[in-house]
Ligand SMILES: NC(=O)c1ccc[n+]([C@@H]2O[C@H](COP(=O)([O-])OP(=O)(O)OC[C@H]3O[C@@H](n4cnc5c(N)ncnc54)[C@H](O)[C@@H]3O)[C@@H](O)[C@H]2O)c1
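Only one chain is included here, represented as structure tokens and corresponding to the form predicted alone.
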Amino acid sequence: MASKRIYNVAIVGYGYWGPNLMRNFMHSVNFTVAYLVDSAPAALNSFQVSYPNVAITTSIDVVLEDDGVDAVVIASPPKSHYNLAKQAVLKGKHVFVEKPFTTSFEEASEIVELADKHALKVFVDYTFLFHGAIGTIRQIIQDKLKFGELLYIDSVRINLGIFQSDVNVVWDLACHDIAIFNYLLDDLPLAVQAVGIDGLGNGNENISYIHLKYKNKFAQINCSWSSPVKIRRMLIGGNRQAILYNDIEPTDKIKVYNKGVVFDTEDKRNEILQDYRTGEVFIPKYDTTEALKNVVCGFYDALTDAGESRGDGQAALLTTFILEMIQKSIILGGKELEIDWRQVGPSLYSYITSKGMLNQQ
């Protein structure tokens, strides 16, 4: 039996998310961390005290010129993602990018096209897609006999900071919800509408309210960096059950409610009669493996073609397109923008049709 290939990676950026990525890549049996790249020598020197076997450098060129590096893991500020990913792909490296993928659909498209041209993989870390709770929720809503038809999703993702300088709260926080919606629904919005507030005056909205309109359902997102409390809550309603997902809860993050309203239109007077159905609350089990550990495993699966990846370039490109449409709506003062999915380009359009995501349109 042939031994499994071990991939050598370089991690670029050791700020907020970089240490988490470093820990999970170093603990993975599928990867060896060859380099850490950061612009701050003090951070590099502090890191190497604990990990002397990992080379440190302030120059990305050192990594790109090393033929022994298979993949570049990008955890630097969002405005740098495009240039770093492009340089890596042109040097024959696979790329793993912290969310958001890039800061525009055009940039994201170019990276994916370049990677395809050079037979390389692009993977984007939308961590919640690999959370065991989200996987369990997907299974629940796919059981239409119990859950019924999905009618709405209401998501709140708010906290106090961290304020980003190069992206707004939509690209920083709502990107998670958009990626989750695409994964859960296997459906795409027909229109988006959003408003945002730049409370700091730095050109980046720190509060936003987003509405996504589908053919037979809708979803809305409240995201903010300005809330005095941290809330990560999603309510998913069907016509038989409803799911409350609260990521802040240390345990029992999912609760399934067998509650609702039953309508009867068979009355002879043609009036709508209603009755309230009150049932039990069910708390399902889910995989509690750290989501980021699953992300790293997902990246390895993508590199080895070991199965479909939730973090592949096309899926990330789809999320990026919706984020850009939301941004356009904010710029236009909350105008509702219809989406013609035929305009996203042949490669992405082929991807979403192959996934059956346009069957309802």
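Keep in mind that what you see is a predicted model, and the values were worked out from it rather than measured. Don't overthink the numbering: it's just position in the shown sequence, from 1.
A second form of this protein, the form predicted in complex with the named molecule, is not displayed here; the remarks below concern that form.
A.B. asks: Find the only residue in Ser104, Gln142, Thr289, Ser80 having a heavy atom within 4.5 Å of the named molecule in the predicted complex.
C.D. replies: None of the others qualify; the residue that does is Ser80.
A.B. asks: Looking at Val37, Ala315, Leu323, Val296, which is the one with a non-hydrogen atom within 4.5 Å of the named molecule in the predicted complex?
C.D. replies: The residue from Val37, Ala315, Leu323, Val296 that makes the contact is Val37.
A.B. asks: Does any part of Trp17 reach within 4.5 Å of the named molecule in the predicted complex? Heavy atoms only, please.
C.D. replies: Within the cut-off, so yes.
A.B. asks: Ala133: heavy atom within 4.5 Å of the named molecule in the predicted complex?
C.D. replies: Outside the cut-off, so no.
A.B. asks: How about Asn222 - does it come within 4.5 Å of the named molecule in the predicted complex, if we only consider non-hydrogen atoms?
C.D. replies: Looking in the predicted complex, residue contacts with the named molecule do not include Asn222, since no heavy atom lies within 4.5 Å.
A.B. asks: Any of the heavy atoms of Val169 lying within 4.5 Å of the named molecule in the predicted complex?
C.D. replies: Output for Val169 is no: heavy atoms all beyond 4.5 Å of the named molecule.
A.B. asks: Any chance Thr32, Asp70 and His94 all have a heavy atom within 4.5 Å of the named molecule in the predicted complex?
C.D. replies: The answer is no; none of Thr32, Asp70 and His94 reaches the named molecule.
A.B. asks: Choose one stretch from 238-246, 185-193, 80-88, 113-121: the one whose residues place a heavy atom within 4.5 angstroms of the named molecule in the predicted complex.
C.D. replies: After filtering at 4.5 Å, what remains is 80-88.
A.B. asks: Enumerate the residues of 103-133 that have a non-hydrogen atom within 4.5 Å of the named molecule in the predicted complex, in sequence order, or give none.
C.D. replies: Residues within 4.5 Å: Asp125, Thr127.
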